[in-house]
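Next up: just one chain, as structure tokens, the form predicted on its own.
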């Protein structure tokens, strides 16, 4: 079975039922026909099985059309973050070597002049000239469906090759474990160029047959109105969205919470304080889960059962997790380890870099975690974020969680800076109106001395990726005062 086969649960089984709200309401049959016309157009433009197709677009209905057409023709879909610029785009184009790059005229200035561009405006003018007869060339689930480039925060981004089977396994887990069904209404504001929006949002919609409301992006000043008008029952978000939603008054938040069935958070750690404050305001405990570009979803707090603050929950069906200590042995419950993964969700390898990962191997995530006695995993941060100060290991998330609970602190990131005597020391970067002296005193009373930040640096905002991950390497350099 391949993605087109699974999507027929909706395209064939629910053909006349409402599917998508964009500029108007579309049925599943109309979305199916749009994908068929797009597949004919792409084939007419020279794209065939195994070719790479780059897409540099914000969320729009054509983004979905292009993706569905690619899954039918065996074209490898390569989404590009719309926030990327010259250097990042050139790297992806050089590595993926696409046959075509689809973008819009307003984004064209960011594209290299020699790129094989097909403009969205040209597609819109011509696509309806093609017949809506279906053409499917993919019969093997191991066929690559997409190459998703990692964020590249520590070097050049790598292209994770995700197969039809990877996406199938992930979609079935998400729909089953979170019980997403045709009666649900999904508000999707996440970018489709990322696996969170594409692999979870679009796939869950098409497999479950729920009604989707797609927006170009999450706009804080409009999102409340969208929720009031659409009355979603499911919302996929990232922590920064939930932080902004805490700013809405109770008179707005409470009715939204009453109509909602499930709030899900991922792509970055959700501070425990945000989960608690959100519960108080909306009456919901956000379901936090853990995924990666290379693996899609791995773990999730349960739909029914304890959603533990700070934890990413339990492994999804079929996903095997080992938490290994530095010696490569399974870490005891309660001890720090690094997550290793196996399962049907695991990618086929990095594009043109087979030496970095072999299909069927354990995937070393670089994420540090602790497993509880009852099987819940709690992330402690990235292995690369570990601060070693005077021989002591410091995991920044512990300090970040504590500081996030303090008065006036809206957001916080802790990173290590060089120190001539201790090797490294922690420094905290904070957003908000806080009292530095009070923060220092609270840390002295609650944290080991070597964990106390050497400085509390106020910043207007934290540098983040489009999905809300803090880019610590872009924080301003801190220099100790004389």
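All of these numbers come straight from a predicted model, not from anything done at the bench. Numbering follows the first chain given and starts at 1.
Same protein, other form: the form predicted in complex with a small molecule, not shown, and the subject of what follows.
In the predicted complex, none of the heavy atoms of residue 269 sits within 4.5 Å of a heavy atom of the small molecule. Within 4.5 Å of some heavy atom of the small molecule in the predicted complex lies at least one heavy atom of residue 392.
For the chain shown alone, residue 92 is not a contact residue for the small molecule in the predicted complex, no non-hydrogen atom being within 4.5 angstroms. Contact annotation: residue 182 falls outside 4.5 Å of the small molecule in the predicted complex, judged by heavy atom distances. Across the options 227 to 235, 118 to 126, 79 to 87, 327 to 335, residues that bring heavy atoms within 4.5 Å of the small molecule in the predicted complex belong to 79 to 87. Contact with the small molecule in the predicted complex, defined as a heavy atom within 4.5 Å, is made by all three of 196, 220 and 297. Only one of 103, 163, 173, 293 comes within 4.5 Å of the small molecule in the predicted complex through a heavy atom, and that residue is 293. Taking 308, 289, 158, 371 one by one, only a single residue has any non-hydrogen atom within 4.5 Å of the small molecule in the predicted complex, and it is 289. Compared with the form shown, the residue 335-residue 424 C-alpha separation increases in the predicted complex, the change being 3 Å or greater.
Between residue 448 and residue 323, the C-alpha separation grows by 3 Å or more in the predicted complex, relative to the conformation displayed.
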